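Given as C-alpha cells, the chain that follows is alone and in the form predicted on its own.
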Amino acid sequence: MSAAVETAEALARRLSEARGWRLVANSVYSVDVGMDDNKLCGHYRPPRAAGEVAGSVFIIWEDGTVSRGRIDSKTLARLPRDIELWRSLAYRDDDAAHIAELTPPTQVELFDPRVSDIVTDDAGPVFEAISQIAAAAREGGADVVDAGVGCSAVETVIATSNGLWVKYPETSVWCSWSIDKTMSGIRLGRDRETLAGLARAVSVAGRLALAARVRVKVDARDMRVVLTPRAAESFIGHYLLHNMLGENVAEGRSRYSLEQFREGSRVFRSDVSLVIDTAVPMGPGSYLCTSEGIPSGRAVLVEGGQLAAPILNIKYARRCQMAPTPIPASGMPPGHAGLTLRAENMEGWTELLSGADDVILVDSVLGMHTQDPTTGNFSLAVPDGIVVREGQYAGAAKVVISGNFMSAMNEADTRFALSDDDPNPGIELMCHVEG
C-alpha cells in the first residue's frame, strides 16, 4: 500500500461523520539533476532523489461550514490534530459546500513504465539528457549553460464522500535550458521520448542567443512583432486565461460578463477558438478527473470567435448556473496545462519566420505581472528583441513593445503559426516599438 492510499483511507475513516468531503493525495517519487553556470550538479543544483506525499482535503461539516487543508508526508502521524485544526478554521461558503455526484472518471493513459524505472532504478538517462543539452548548447557557441532535467513517478488517489475512489499511476518528465542567460526553452511530457531529440530544441534557443550578441538599433515606430510560442503563452495565460476563469467572471473581475457567455458574444476574430482538453493521452496537463471529481475532457471556451463557456469549478458552476468544466492543470504554461489557442489555416512556424522582414522576434518579456488583464493593454520591456530582416537574424535590441492583445485577436492581419515543439502557436501582431 502506498503512502497516498494509506493517508486517503485514514482520512476517509476519520471524516465519515462529516456531511461531506473530498481529497486528493499523491505519492511522489522523483529524481532531478541541474547545471548552473556550466557546472553539472553545482552548489545550487545537486542531484536529488526525493519521495513525498502531497495533496489537499475539502470538508463540509455538520453545520454546513467548510474547511480546506493540505496533505503532506506527516499528515498520517498527526491526523487527529490536523482535523481539529481544520475544524477550528471552518468558514461558511454555501456555493462551495457541495460534493459532485458520483461520475466515472475519464480513462486516460498517463503512465510510462520506462520513466518509472528511471526514478526507482537507474537515473542514468537523466544525466545523459542534461549532457545532451550542454553539448548541443556548446556546439552552438554558448558561453554559459544552465539546465535541469527530472522525472517523477506518482500514484494519485482522488476520493469523495459520494463514493468516488480513483487510484492511478502517472509519470512526468521535464527538461529546461537557458543559453547565455538570455534565451531559454522547456519541454514537458510523460514518456521516455521526452528525453530524446533535445539537441534540435536546444539549438533553437542557441541561435537566438547568438543573435542577441550583436546589438542593433531600432527606431521608435509601429512595426510587426512575432511572439515565439513561449512568449505567446505568457500572453495567453495572463489575458485569456484570466478572463475565462469562472471566479473572475462571476465576481466582475473579467472583461466578459456571464450574460456575454450565455449570449455567445463575439469577442475574437471568427476563425479563433480557445479550448481546454485535459484528456489527451500522455498529455502533461491531462488527468482522470479534477480534485473535485469532475471527469477530464474537452471544453470549448471560445468557438469561432464567440464566447461559449467560462472555466468553472463546482462553486462557480453553481453560482453561474452552468455545468462545471475541466480545469487546466496548475503550475504549467497554458498549452501544456491543457489550454490551447487555435485559428483556422495556421501557418508553420518555420515558414512564418523565413518570410519575416523588418520584425521584432520576442521570446520573453518583463513586467507581465503588472499589466491589467481585463483591458488587454500591454507595455512590456523586451531585453533581447531579435530583429529579423529578410528571414535572417540581424541582431538584438532592448525595446519596449505596447499594444492591446485582445484587439489583436480581432485584427485580420494577426497571424498564427504552429511548430512541432509547442502546443500553442506563435503570434505575429502589430505593436508600437520604442528602442
Partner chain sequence: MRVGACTEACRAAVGRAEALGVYAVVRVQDKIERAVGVVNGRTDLKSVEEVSGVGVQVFTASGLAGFASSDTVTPGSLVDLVESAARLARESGAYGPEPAKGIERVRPLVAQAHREAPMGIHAIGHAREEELVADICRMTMEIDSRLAVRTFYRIVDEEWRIVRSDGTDVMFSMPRAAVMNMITARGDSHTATVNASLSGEDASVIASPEGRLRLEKRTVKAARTALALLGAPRARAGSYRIVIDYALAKGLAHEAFGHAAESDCMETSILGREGRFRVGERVAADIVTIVDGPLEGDYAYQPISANGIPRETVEIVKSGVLVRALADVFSAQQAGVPVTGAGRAESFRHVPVPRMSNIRITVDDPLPIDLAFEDVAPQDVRDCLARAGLLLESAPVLYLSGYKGGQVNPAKGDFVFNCSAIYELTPTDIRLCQPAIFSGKVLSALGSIIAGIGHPILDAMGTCGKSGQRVPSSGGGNMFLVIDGNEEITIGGV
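Residue numbers count along the first chain shown, from 1. Keep in mind the model is a prediction, meaning the values are calculated, not measured.
Note that the form predicted together with its partner chain isn't included here; everything after this is about it.
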query: Interface membership of residue 52, its partner chain in the model of the complex, 4.5 Å heavy atom rule; finding: yes
query: Partner proximity in the model of the complex: residue 389 to its partner chain, non-hydrogen atom cutoff 4.5 Å; finding: no
query: Non-hydrogen atom contact residue 252 with its partner chain in the model of the complex at 4.5 angstroms; finding: yes
query: In the model of the complex, residue 182 touching its partner chain (heavy atom, 4.5 Å); finding: yes
query: Non-hydrogen atom within 4.5 angstroms of its partner chain in the model of the complex for each of 219, 331 and 340; finding: no
query: The single option of 196, 85, 323, 102 touching its partner chain in the model of the complex, heavy atom within 4.5 Å; finding: 85
query: The unique member of 106, 265, 161, 131 whose heavy atoms fall within 4.5 Å of its partner chain in the model of the complex; finding: 131
query: Partner-proximal stretch of 252-260, 150-158, 290-298, 109-117 relative to its partner chain in the model of the complex, 4.5 angstroms, heavy atom; finding: 252-260
query: Partner contacts in the model of the complex for 407-435 (non-hydrogen atom within 4.5 angstroms of its partner chain); finding: 432, 434
